[in-house]
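Presented as structure tokens, the chain that follows is alone, the form predicted alone.
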Amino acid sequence: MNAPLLSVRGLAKHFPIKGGQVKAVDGVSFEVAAGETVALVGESGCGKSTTGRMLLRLTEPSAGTISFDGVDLLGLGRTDLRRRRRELQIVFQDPYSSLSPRNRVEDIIAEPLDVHGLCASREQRRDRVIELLRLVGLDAIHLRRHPFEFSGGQRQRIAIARALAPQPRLIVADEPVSALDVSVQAQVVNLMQDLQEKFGLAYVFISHDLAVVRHIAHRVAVMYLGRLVEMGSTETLFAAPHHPYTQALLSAAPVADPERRRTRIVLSGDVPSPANAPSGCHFHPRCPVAQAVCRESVPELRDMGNGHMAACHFGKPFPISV
């Protein structure tokens, strides 16, 4: 097998607070192959966005390793990291705040070109920006406009064009469609898939929207309170999740056909505070099958077959009607 493009091992981020620390991310491990989309899903506050930011060292990890194309990103100095960032880019959640309102579209998209010295002249720079605009469904007439002159979907297309500018191999997409209307979401997701096919891009796609994830992801990693609780191919995870948390998430997702019934799993209580996370399995206070061992021992990710991993002492397939 080919080596993964991105390999993450034991990644953690602990924020100090008075009297303790918040374990926002606590020992996350996963891999992404070239041209693959791996989705990180979970409720708000589970640590998925922090994980995404650590992959580019926008947030410095407290522990763990990040290997990109065989290079240890955490061992790079500032100059080497800047060079490597040509190959790793990010698209943020809110297109209304991620683009400078004072800059024109041409300068916004050209910023990575300028930082990495990728254009020898102003003419080459403009031609490249026009090419990028057309790749995302916009045109040269938009060059001199400001972000406030565009809709949310158009702004996110501009953000994607900026991420494409230095010809990256992997893009972290942090909730890239959650701020958009549903019809526009589909257009942007389809655009990202087209770009992936055209350029062989890999994505780490962060989302809480299971319908979007099912459409775009090859594999899915489910997070709960800073830990990975399940990971597997999109097809197998949606059809037969092993972890009770994943089962509850999928059981709550809307069904396209109102005539079809789905067994709903209702969880008790609220998500605990990461500043005071439960012992053992973090999910045990809400888990319908929890036993004494769940309060005492942290379950490791175990292979349930065909590369499907679940961190549960009693995990077993739960067929979901889809």
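All values reported here derive from a predicted model rather than from experimental measurement. We number the residues from 1 along the sequence you see.
Omitted from view is the form predicted together with a small molecule, to which the following refers.
Proximity of residue 49 to the small molecule in the predicted complex: non-hydrogen atoms within 4.5 Å are present. For residue 208, a non-hydrogen atom is located within 4.5 Å of the small molecule in the predicted complex, even though that partner is not displayed. For the chain shown alone, residue 22 is a contact residue for the small molecule in the predicted complex, at least one non-hydrogen atom being within 4.5 angstroms. None of the heavy atoms of residue 314 is located within 4.5 Å of the small molecule in the predicted complex. Considering the small molecule in the predicted complex, the lone stretch of 22-30, 280-288, 293-301, 60-68 in range is 22-30 [heavy atom distance within 4.5 Å].
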